[in-house]
Every structure is written in C-alpha cells, then in structure tokens.
Ligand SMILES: Nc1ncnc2c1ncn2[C@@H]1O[C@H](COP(=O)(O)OP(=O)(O)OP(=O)(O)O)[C@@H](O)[C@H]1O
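Take a look at this single chain, the form predicted on its own, given in structure tokens.
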Amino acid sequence: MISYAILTAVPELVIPPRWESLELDGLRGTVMIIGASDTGKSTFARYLFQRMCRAGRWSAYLDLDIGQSTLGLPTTMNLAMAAAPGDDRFPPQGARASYFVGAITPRGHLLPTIIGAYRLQQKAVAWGAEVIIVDTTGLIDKAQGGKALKQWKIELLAPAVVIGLQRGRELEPILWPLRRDGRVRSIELPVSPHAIERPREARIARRRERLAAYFGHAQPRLLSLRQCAIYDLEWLTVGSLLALQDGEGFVLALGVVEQVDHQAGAVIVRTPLPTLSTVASVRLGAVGWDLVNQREL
C-alpha cells in the first residue's frame, strides 16, 4: 500500500457556527462535498468526518483531489477508514486504499477520475463504512469539464447528500437540478470566512514537496515489461510517473522510470517499494517527475 509518511501536520479546525448548526441526525451513506478551489471543502470534509465518528458511526474519508490531496500523493485519489467506530483521529488510522489517475487535474482525465472514485467508494462499503465523506476537486467550470465531472460523479456514487460550498452562484448549474431530484438531498452552505485562497505557485510548491519527500529514499528496481500487465504504455519514457498496483488495481507504491531498455523489454524504476514481487500491474501516468531537480516534467 502507498506510503502516507509524507503527510504534514493537520492544522486545528476553525468551525463557523453555520457548520455546527447543520442538522445531520440519522445521516448514513455517501456525503459528497462540492465547491470551487479554496472554498474550505477539505476543512469541512474533515469536520464532518470527525463529527460522524463522534456520533459513533464507522466513517470513511474519501479524498478525490488528485492535485492537492489531503491523504496521499499528487496524481492519486485516496480512501482512509476510521480505525474503529467512534475513533475521530485525523488522518484516519484504519484501512487505506489509493487509486492512480496519473494526472494533477481531472481535465482530460474525467473517465479514470470517475471510475477511481467509484472503485474507492465500493471498497469503503466492503470495509463496512456507515458514512463515507467525499472531498472533491475544485473543478466546477463547465467549459473545462467541471459540470460534467460533478454531475456524473453524483450519478455514479449516488450520494445520500450533496453539500455545496459557494461564494456566489458558481455551483448553480450543478445544484439547480439536485434541488428537484428526489434521489438526493442537497444542502447549500456559504464559504467559511476563514477559507484562504492559495496562489498557483503555492499549489505547485506543495506538490513538489510531497513528491520530493516520497522519492527521497527510493531505490532502483528492475521491472520486466513482459511479466505483468502494463497500462498506458504509450506514456513510457524516462521520467514517467507510474503506479505499481496490486491484484485489485489499487496502488502499492508510485515509481519513476529511470532507464528504458526496449530491446530487453525492461525498465529501471525508482520507487520506495522494497520489492516488485507483489506487483500485479503497472499503470503509467500522463505526468512525469524529474528525480534530479525534484520537479514535475
């Protein structure tokens, strides 16, 4: 399973009164939180997860933000369970799973983003989660695929509740039909006054910090292209970021292609995974990582 040692300290939450007054008695199933970037989605998702845990429900936190993940590495979506009903520690201390999208934005990668979200949700259900809190990306712009992404993610995950955080009316194209759809309850909340807008440079720096720390102690491993399933082989080149996957298609670890020998059908992958003996498949991503300069390619 992918290492979570790269997690930084989790800041204390500042809870607006409107969040605390939210009526959530009897809440069960999947709860999806949507909103633009820097509207406090992750903070609210953590608050809601811990509130459900304190109510005695066995809860799961599903982090779908592949660019600015709370639980894992950039390019991945991540699921974490509470260790037991009532355990409100964050990050959650129970079972974990990770799904590789291989990109830092859903744009151009909507299908694997939606499928990965569903696979992780079903894993949480299989593990016995009573409540699944889903933190989504900030992509909502219709022209960039955000509206379609949110609508079809809602259709596939079938949440019991969708909670929208918006500053103005930016979520109206998504929320308008939900208000009239009896299959889902929609709740609309104002953005917390404590939400902070982060510049693009800060987002890039955070991704670099996470990946640099993760690959800091990685070692070279020989991977035969003829002995396991290789997906998206067209992305294979020096510097390609890839996922080493288990038999279910979930991430064991990430790796970076260091050398390619096409004639021998083998590559050298630098990864923190101690052995490749448990790798059932490999999926290459659309982004790369420069191991020398510690930056995205």
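The shown structure was predicted, so the numbers you read here are calculated from the model rather than taken from an experiment. Throughout, we count residues from 1 along the sequence that is shown.
What comes next is about the form predicted together with this ligand, which is not displayed.
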{"item": "Proximity of Arg119 to this ligand in the predicted complex, heavy atoms at 4.5 Å", "value": "no"}
{"item": "Any non-hydrogen atom of Ala195 within 4.5 angstroms of this ligand in the predicted complex", "value": "yes"}
{"item": "is_contact(Ala36, this ligand) in the predicted complex, heavy atom dist at most 4.5 Å", "value": "yes"}
{"item": "Distance check, Thr43 to this ligand in the predicted complex, heavy atom within 4.5 Å", "value": "yes"}
{"item": "Complete contact of Arg96, Phe250 and Glu296 with this ligand in the predicted complex (any heavy atom, 4.5 Å)", "value": "no"}
{"item": "Stretch in contact in the predicted complex with this ligand, which is absent here, among 186 to 194, 107 to 115, 172 to 180, 222 to 230 (heavy atoms within 4.5 Å)", "value": "186 to 194"}
{"item": "Those residues of 56 to 89 which, in the predicted complex, come within 4.5 Å of this ligand by heavy atom", "value": "Asp65, Gln68"}
